[in-house]
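This document starts with one chain, in the form predicted alone, laid out as structure tokens.
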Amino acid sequence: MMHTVLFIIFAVVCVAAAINLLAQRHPINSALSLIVVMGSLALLYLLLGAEFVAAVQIIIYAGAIMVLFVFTIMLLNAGEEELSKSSRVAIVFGVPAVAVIVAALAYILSRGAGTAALGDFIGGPKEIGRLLFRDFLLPFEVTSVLILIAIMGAVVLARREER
């Protein structure tokens, strides 16, 4: 019972921080909200019995990746977002897309799919490492190259503004 209550609390914190991430007008505040999302996800992983995944979530995502995000935001010297009129494309494509996603989630949850008991997750660091560095090596390397390209692009954009 206590696990369920804690799971609901951390899930609500995660969703609230994600909504706050979208509602913020300053990029640094959004990045801080994303750190809260990453932390609450790590706590959810702990409740599900995936200690290694929780540790990786904190060390890699909430730590290293968010440092890169904040560094890039500060490098670009991004100020507060200016509000503009609503985009017609966002309304035409966004509202139906959200409706489809909500309907799909409601259908999946109503069927009872996705329920797992504690301890159902098997696999330790050895199995995760084997999957990451052997079976999924290409997506792992492509992700690292994309992050490197994004950082280089931020540096180029920041230098153009100085001239």
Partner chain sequence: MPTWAQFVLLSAAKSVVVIIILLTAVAYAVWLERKVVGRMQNRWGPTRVGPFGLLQPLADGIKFILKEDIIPTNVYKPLYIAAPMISVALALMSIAVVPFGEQLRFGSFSTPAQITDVNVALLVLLGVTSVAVYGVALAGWSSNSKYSLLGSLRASAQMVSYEASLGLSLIGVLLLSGSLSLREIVNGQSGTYFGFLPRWNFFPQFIAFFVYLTAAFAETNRIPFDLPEAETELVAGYHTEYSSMKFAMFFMAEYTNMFTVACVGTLLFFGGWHGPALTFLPMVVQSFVPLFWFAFKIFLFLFLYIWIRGTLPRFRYDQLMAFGWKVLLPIALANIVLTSLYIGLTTP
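These numbers come from a predicted model, not from an experiment. Take the two forms, superpose them, and find the largest set of C-alpha atoms that agree within 1.5 Å; that set is the rigid core. Numbering follows the first chain given and starts at 1.
Another form, the form predicted in complex with the partner chain, is not on view; read the next lines as being about it.
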Query raised in the report: If you check in the predicted bound form, is Val37 within 4.5 Å of the partner chain, heavy atoms only?
Result: no
Query raised in the report: How about Pro96: is it within 4.5 Å of the partner chain in the predicted bound form, going by heavy atoms?
Result: no
**Report entry** Contact of Ala104 with the partner chain in the predicted bound form (heavy atom, 4.5 Å)
**Finding:** no
Query raised in the report: Taking 4.5 angstroms as the cut-off for heavy atoms, does Val92 touch the partner chain in the predicted bound form?
Result: no
Requested in this report: At a 4.5 angstroms cut-off on non-hydrogen atoms, which residues of 15-39 are near the partner chain in the predicted bound form? List them in order.
Outcome: His26, Ile28, Asn29, Leu32, Ile35
Report task. Once the core is aligned, please say if the CA of His26 is shifted by at least 2 angstroms between the shown form and the other one. Result -> no
**Report entry** Core superposition between the shown form and the other one, C-alpha change of Ile151 at least 2 Å
**Finding:** yes
Query raised in the report: If we fit on the core, is the Cα of Gly129 displaced 2 Å or more between the shown form and the other one?
Result: yes
Query - Cα-Cα shift for Arg130 and Tyr61, closer or farther in the predicted bound form, minimum 3 Å - result: farther
